[in-house]
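Presented as structure tokens, the chain that follows is alone, the form predicted alone.
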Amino acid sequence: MHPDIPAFTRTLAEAAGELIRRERLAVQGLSTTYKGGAELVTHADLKADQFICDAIRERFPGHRILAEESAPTMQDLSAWQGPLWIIDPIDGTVNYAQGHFQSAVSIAYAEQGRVLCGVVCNPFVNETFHAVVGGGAWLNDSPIKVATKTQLRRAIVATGFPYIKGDMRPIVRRLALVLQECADIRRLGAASLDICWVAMGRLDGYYENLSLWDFAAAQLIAREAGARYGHFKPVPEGVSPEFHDQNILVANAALFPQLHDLLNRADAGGDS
């Protein structure tokens, strides 16, 4: 990894964060549309996406970019070994458009199929989570660690729900059993921040199906904070666990296997 990348990534995420903060305060307000008729997009998503991608292309012109709004597909992602940037210009767009504070810019940098640097910046509360592989996890300039709870019944667990509603039965079964067995559930609406909150102990666990740009940076931050990051269902053969976006589970080492078993028990109790 180029030695400038960690500082560059943090500076870029914070600059993009200031951009989306200003756009929400603008007198003319936000213009919105819907991807696929279901997923909200604002003009600030597009503006921040372009700002981030332009800065990366100028500084590192040979690098590939996977960005939610401008470059959302890579056919050979699991096999790609070169420099790769993974970007969500606004994670938690619905929160953002509704005036909530739980939104963030997420930028990850990967090489050789591994995320090496990640930054998640929430400009509305002046919090930047960041990590470099092997360097620990940080909130602004202070180190963070995962919580140490060991009892599932004391755990606060977060999750989320899809915008496109298909068969909701497995999701509802999992939710019901987690709510029954844990202390409480949170649905905060920004996956990158949910995972970072596990990393710093505001949450004790998190599970959901996501898109890669939602978790690429945050999963490194969680791992570097001492969390266990993985999946509660087997990862398909030939797919990188680093990039697999289904059945994601994050918790400390004591709670991870308990939540893993709980979620599988919920699925085993279904009729499909």
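From 1 onward, residues are counted along the sequence shown. Since we're looking at a predicted model, the values are computed, not measured.
Here the subject shifts to the form predicted together with a small molecule, a form of this protein not shown in this document.
In the predicted complex, at least one heavy atom of Asn209 sits within 4.5 Å of a heavy atom of the small molecule. Of the heavy atoms in Ala155, none are within 4.5 Å of the small molecule in the predicted complex. In the predicted complex, the small molecule lies within 4.5 Å of some heavy atom of Asp214. For the chain shown alone, Arg187 is a contact residue for the small molecule in the predicted complex, at least one non-hydrogen atom being within 4.5 angstroms. Residues with any non-hydrogen atom within 4.5 angstroms of the small molecule in the predicted complex fall in just one of 121-129, 165-173, 187-195, 136-144: 187-195.
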